[in-house]
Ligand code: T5A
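Just the one chain here, laid out as structure tokens, in the form predicted alone.
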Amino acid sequence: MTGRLIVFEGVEGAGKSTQLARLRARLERAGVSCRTFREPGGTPTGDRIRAILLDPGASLDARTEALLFMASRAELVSTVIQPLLAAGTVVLLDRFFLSTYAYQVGGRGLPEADVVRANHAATGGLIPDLTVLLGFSAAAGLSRAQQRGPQDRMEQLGADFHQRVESAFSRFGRIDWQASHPEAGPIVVVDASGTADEVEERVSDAVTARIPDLGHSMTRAVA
């Protein structure tokens, strides 16, 4: 099995962690070697950066925020993801650079060209094999997130900010945006409304359609 990088993206509370875990379970039942990680984090350095970025009491300049996200990403890609992909492992990642485009460009208003260049340095040009973009409203997602417990720094940024993030994610699902951003790789929008079971089936269908070898493995396991 060839190593694959599958990313889950979307607004706060869209269900990324839930659906990532469910896809991992399906793949493991099919005998596919896979690992899961989240951004920021996934390494000792990345976890320390995550604590800074999500600290509700932290005050960060938008550029500092973006560069911290990218520093965590650079460490994760170079020391963890690339070796796993080279070994044939499927890597499932909760957020990647589309979140930087959505939050720091769409939400914060940083210049896109600067962020794209910095991201290329952080990823070393790594392109996801597939990004599953869970389509969900920011308002509904924040309501879900609030039910999980105290809000982190990013969740506390206000309705207007998160609406801008939602609008950015919506643009990423368009063919014209993807054509002008080849570094993003293939993106499929999956409706995240309904039950977790319903969304899981949509995610599985999307992965099967875009990465047939994984789909065949999951189908044989069910059969």
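Nothing here was measured: the structure is a model prediction, and the numbers come from that model. Counting begins at 1, following the sequence as shown.
Beyond what is shown, the protein has a form predicted in complex with the ligand; the following relates to that form.
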### the ligand contact at residue 117 in the model of the complex, heavy atom, 4.5 Å
no
>> With a cut-off of 4.5 Å between heavy atoms, is residue 199 one of the residues that contacts the ligand in the model of the complex?
In response: yes
Can residue 194 be called a contact residue for the ligand in the model of the complex at 4.5 Å between heavy atoms? yes
* Please run the contact check for residue 208 against the ligand in the model of the complex: heavy atoms, 4.5 angstroms, yes or no? => no
Open item on the list: When the ligand is placed as it is in the model of the complex, are 78, 82 and 128 each within 4.5 Å of it, taking any non-hydrogen atom of the residue?
Closed with: no
When the ligand is considered in the model of the complex, the residues of 49-75 having a heavy atom within 4.5 Å of it are 50, 54, 69, 73
